[in-house]
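Here's a solo chain for you in structure tokens, the form predicted alone.
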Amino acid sequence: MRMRNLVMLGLAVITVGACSSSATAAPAAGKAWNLTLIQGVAGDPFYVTMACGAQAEATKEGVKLNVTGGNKWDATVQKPVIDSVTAAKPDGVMVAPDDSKALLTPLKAMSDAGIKVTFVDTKLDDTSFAVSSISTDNLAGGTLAAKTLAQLINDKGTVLVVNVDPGISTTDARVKGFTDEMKNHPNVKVLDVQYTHDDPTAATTITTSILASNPDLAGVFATNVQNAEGVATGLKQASNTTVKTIAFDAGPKQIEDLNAGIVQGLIAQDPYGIGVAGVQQTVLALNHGTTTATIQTQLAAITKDNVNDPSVQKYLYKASCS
């Protein structure tokens, strides 16, 4: 019951509003815009779900959508994808940059080529040329993760943060929200952030190593799907059932781990809604409509107690659109 009450409080705290620019813009007469979605990582359930939302909205708007992305979270992998899309000259692009600085040059070149650019999920430090930046309130999500984990471990003990890489707008904000909130919990010690380069195997290795060197480890915060899966594997391999884990995202494997009790809480985003809003904002820009510079979508705190509630079902990520 305590956990259920905590989750409902969390939902109230972080429900910052669904996409405020939900107005649908019909394409110009005789013109079917060509759009492309560049995913942060192809095949990741978060981005699969985003693509489902984008495709549904593209169909509704009467525009064409192509979906592409690199096979790993790496700016050097994503740059050739961006360059290739620019060369294809679509009318508009929704893109989740893998690095907030390193991809400025190719994305600015895309914009300079006359292509409307909308940031979805992640963004660059420089958003001046973007139609809109659409993402979760990641700072609030990190704060909620810290509050939830602190209560789970009775406000004492050592906790670990497992992150992707520095320089990613979304996960950097999650870590900041988490570490800032933990300053309000003086009996909780936060270890140095560990980076995995978005590799679940690395997350497993890190978890195993930290458990060995910190037998008092009480909790883990994993900042995304890949890290959450790796942390869960590490805990299962160690047969450790006392460490509490809070993770961002709600992919199929994470829901399985939640139901199995390996993970105690998930901070789920709304990638479907981000995909919908991305298409809406890009089409508005192409039709010379008024766009919204920054849109923050909703979050939901999911536990084993509420995972089957209709109110949180829309936050569960998809493995495919079918």
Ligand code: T6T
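Treat the numbers as computed from the prediction; the structure is a model and nothing was measured. Start at 1 with the first residue shown and count on from there.
A second form of this protein, the form predicted together with the named molecule, is not displayed here; the remarks below concern that form.
Undergrad: In the predicted bound form, which of the stretches 279-287, 59-67, 44-52, 255-263 has residues with heavy atoms within 4.5 Å of the named molecule?
TA: It is the stretch 44-52.
Undergrad: Each of Thr36, Asp91 and Ala130 near the named molecule in the predicted bound form, meaning some heavy atom within 4.5 Å?
TA: Per the other structure, none of Thr36, Asp91 and Ala130 touch the named molecule.
Undergrad: With the cut-off set at 4.5 Å between non-hydrogen atoms, does Thr122 touch the named molecule in the predicted bound form?
TA: Although the named molecule is absent here, Thr122 would touch it in the predicted bound form, with heavy atoms inside 4.5 Å.
Undergrad: Look up in the predicted bound form whether Ala173 has a non-hydrogen atom within 4.5 angstroms of the named molecule, and give yes or no.
TA: Taking the distances in the predicted bound form, the answer for Ala173 is no, it never comes within 4.5 Å of the named molecule.
Undergrad: I'd like to know whether Val225 contacts the named molecule in the predicted bound form, with contact meaning heavy atoms within 4.5 angstroms.
TA: The answer is yes: Val225 has a heavy atom within 4.5 Å of the named molecule.
Undergrad: Considering only 244-269, what residues come within 4.5 Å of the named molecule in the predicted bound form, judged by heavy atoms?
TA: Residues within 4.5 Å: Asp249, Gln269.
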